[in-house]
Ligand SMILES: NC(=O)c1ccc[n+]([C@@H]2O[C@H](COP(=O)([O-])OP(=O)(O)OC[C@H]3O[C@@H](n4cnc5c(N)ncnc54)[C@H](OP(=O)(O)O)[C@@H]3O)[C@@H](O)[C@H]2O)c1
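Given next, in structure tokens, is a single chain: the form predicted alone.
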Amino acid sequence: MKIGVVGATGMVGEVFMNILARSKFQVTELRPFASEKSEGLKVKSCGKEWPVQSLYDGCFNGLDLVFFSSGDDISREWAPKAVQAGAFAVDNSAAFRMNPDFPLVVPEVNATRLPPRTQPTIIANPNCSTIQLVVVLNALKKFGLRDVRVATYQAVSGAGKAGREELLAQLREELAIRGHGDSVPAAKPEVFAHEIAFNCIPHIGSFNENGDCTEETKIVNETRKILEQPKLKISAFTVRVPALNSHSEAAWVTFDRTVERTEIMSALENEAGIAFIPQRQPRDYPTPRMASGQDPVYVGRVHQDSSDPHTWLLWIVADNILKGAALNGLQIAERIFRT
């Protein structure tokens, strides 16, 4: 396999480079791409060091696969060029997700949408919050999905390295101030709309005229496309929280019929990609720290809504950089090339 990684020095790109080493691919060539300021740096992957280069016409020639994690504008310009050069482009941006010409894929859910390896094209990698939700909904859709409501609690790593560093800097500042007993205003936030340390921000992305933010519309639209249920009733409310990594979701899933607990548990226990944690003790449920660095989508706190026997509540947690981005992209590639 000859592979390119656009955005190789970013948070998702770095994780993709790392997990390549434990993939089933025999990587004979790896081309990491980043901005001009990173050109010439060397990054490690698959037991070797590879020089970082900037994008230029013809840079994808000879590659089998190019993974993009560098923003919508770059993907719109360069992903088609990767396909023209004969490579599959697995794109982690939002540029092609809702384009009907390209599949939006979570391998556990709709791998049948992937083309054969002889037909290179752009494959869209869904939004991180969408991925963990649809993996769980796919396990339960046989009961008849009637209504889905989800509230997300999203870690700062979803905003990249800058988001993580802003939280850590604010925490250090807050703790230093409190330790000295002084009342000093915190530094002005740059990545987030408000201070994220010791705080929650109900705002991810920009707002539309209806009051929905873009992260919420992504979850709604992408879930419908992946599950192939365009009329599914689904609503989302997204919140940024001061967790370093892994997104959490509280989901209310309403079915067409009454479903027994044993049916729910069996469906979750036997679904690929899910780690189900039955609550035998009060503390038996997944947390962001538990999921960080782990492959599965964790599910716990599964219980029936006391006011509606058709509705079940679930707590869903996954590493948003791993399964929510880099790992899902690698799993797409592995399905295409049947390793």
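These numbers come from a predicted model, not from an experiment. The first residue of the sequence shown is number 1, and the count goes up from there.
From this point on, the text means the form predicted in complex with the ligand, which you will not see here.
> Whether 70, 128 and 324 jointly form a contact site for the ligand in the model of the complex is the question; each needs a heavy atom within 4.5 Å.
Yes: 70, 128 and 324 each sit within 4.5 Å of the ligand in the model of the complex.
> Given that the partner is absent here, does residue 224 sit within 4.5 Å of the ligand in the model of the complex, heavy atoms only?
Output for residue 224 is no: heavy atoms all beyond 4.5 Å of the ligand.
> In the model of the complex, is there a heavy atom of the ligand that lies within 4.5 Å of any heavy atom of residue 4, even though the partner is absent here?
Looking in the model of the complex, residue contacts with the ligand do not include residue 4, since no heavy atom lies within 4.5 Å.
> Test of understanding: in the model of the complex, would residue 12 fall inside 4.5 Å of the ligand by heavy atoms?
Answer yes; at least one heavy atom of residue 12 falls within 4.5 Å of the ligand in the model of the complex.
> Although the ligand is absent from this view, report whether residue 328 comes within 4.5 Å of it in the model of the complex, heavy atoms only.
No, residue 328 is distant from the partner.
> I need the one stretch from 85 to 93, 253 to 261, 101 to 109, 205 to 213 whose residues put non-hydrogen atoms within 4.5 angstroms of the ligand in the model of the complex.
In the other structure, the partner sits against 85 to 93.
> Which residue, 304, 35, 287, 61, has a heavy atom that falls within 4.5 Å of the ligand in the model of the complex?
Selected option: 35.
> Among the candidate residues 149, 161, 81, 76, which is the single one with a non-hydrogen atom no more than 4.5 Å from the ligand in the model of the complex?
Checking each option against the ligand in the model of the complex, the one that comes within 4.5 Å is 161.
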